[in-house]
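As a starting point, one isolated chain is supplied in structure tokens, in the form predicted on its own.
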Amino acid sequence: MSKKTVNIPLGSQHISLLEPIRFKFTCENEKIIGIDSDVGFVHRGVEKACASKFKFDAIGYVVARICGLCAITHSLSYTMAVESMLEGEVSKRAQYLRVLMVELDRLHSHMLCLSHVSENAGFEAMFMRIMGDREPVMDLQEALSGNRVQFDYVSIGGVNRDIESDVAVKVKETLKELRLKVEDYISEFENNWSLSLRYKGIGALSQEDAYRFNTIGPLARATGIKTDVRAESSMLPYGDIGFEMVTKDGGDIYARNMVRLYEMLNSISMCENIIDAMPEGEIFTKLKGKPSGEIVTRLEAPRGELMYYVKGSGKPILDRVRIKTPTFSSIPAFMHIFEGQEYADAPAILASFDPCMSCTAK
């Protein structure tokens, strides 16, 4: 059969894309032999605004609007940076409440990714099922924070809202039901042809290439690399609440799905442990002064390491706020994985990356 080279665009608007991103695939017959990408469709100038328009104590609420899937992680990363510069102590109760919200963020973000992977496999019923099961998680976040998507929950010195006893009971009940559903998801993703055999060996990244491209998050852990900021930083009490790192071998779509599914089980366990061992005390400590100096903070967002660089000179307006997002860090690995794959698998591979353009272009 003669070989024919064609260029096929995917995006910036496409049914397989949750957000605007453009790929241009160069294909030889059905095989992808080259790829170009453009991720700059939603630039909003957040970093510049944070260093020119807003005082430092308002920026935590600004960066919470970067992304609807990891809003808490963004606001907490920035807030922890400022708290370190002010040399302030945050109560243990506030730290537990912060982690509770971060892990609920991870739960509904992973569920969105898994539902999207199911949809790209043609398993529309599974997509609808997971999206429906995701709603109670978002209800919990609303009950805890007062908001459903973008949360003004974390403040410099603590959190803005304590957990009521009836909400704590609701968290335990909802997560107990969710655990059973996730265990059922695992059975489906392991045994259903569309979600297991269909994805084994597809979109694979070797561990050697994962190291070479500095891959992070579930993408790296699906190759067997033990990397997770939750295990590498002591800024949050993950060591006290039962964090367990999840890794799988294979580096393909199937392995990435399994990493996310088992991370959901661990997130549920951690949230339950937080409720059971919630420390007594205040949820807010007033910190004085203005940030001076520079600092880098890291947190494990649902897609991997989220890094904030903050620089201040003792003034209300900061000198610099720089945000390095997980999807941005993973783009070189994304590009490499596509090469040599069948074009028909491109939407499923892309969904398994779980890219977030809102975070990336901010």
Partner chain sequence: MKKIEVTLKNVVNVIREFYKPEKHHFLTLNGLAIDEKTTEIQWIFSEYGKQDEIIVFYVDVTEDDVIPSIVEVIPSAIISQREIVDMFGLKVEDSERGLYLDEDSLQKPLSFGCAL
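It should be emphasised that the depicted structure is a prediction, and the values quoted were computed from it without experimental measurement. Positions refer to the first chain, counted from 1.
The same protein also has a form predicted in complex with its partner chain, omitted here; what follows describes it.
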Practice problem: Answer with yes or no whether Glu305 is in contact with its partner chain in the predicted bound form, where contact means some heavy atom within 4.5 Å. | Solution: yes
Quiz item: Would Gln150 sit within 4.5 Å of its partner chain in the predicted bound form, counting heavy atoms only?
Solution: no
Quiz item: Are any of the heavy atoms in Phe213 no more than 4.5 Å from a heavy atom of its partner chain in the predicted bound form?
Solution: yes
Exercise. Although its partner chain is absent from this view, report whether Phe328 comes within 4.5 Å of it in the predicted bound form, heavy atoms only.
Key: yes
Quiz item: Using a 4.5 Å heavy atom cut-off, which stretch among 188-196, 67-75, 214-222, 118-126 contacts its partner chain in the predicted bound form?
Solution: 214-222
Self-check item: Among the candidates Ser91, Thr174, Thr227, Asn273, the residue which, in the predicted bound form, approaches its partner chain to within 4.5 Å (heavy atoms)
Solution: Thr227
Quiz item: Of Ile33, Ala49, Ile317, Ala58, which one comes within 4.5 Å of its partner chain in the predicted bound form, counting heavy atoms only?
Solution: Ala49
Quiz item: Looking at its partner chain in the predicted bound form, do all three of Glu83, Arg134 and Glu300 come within 4.5 Å of it through at least one heavy atom?
Solution: no
Quiz prompt | Residues in 277-312 with any heavy atom within 4.5 Å of its partner chain in the predicted bound form | solution = Glu294, Ile295, Val296, Arg298, Glu305, Met307, Tyr309, Lys311
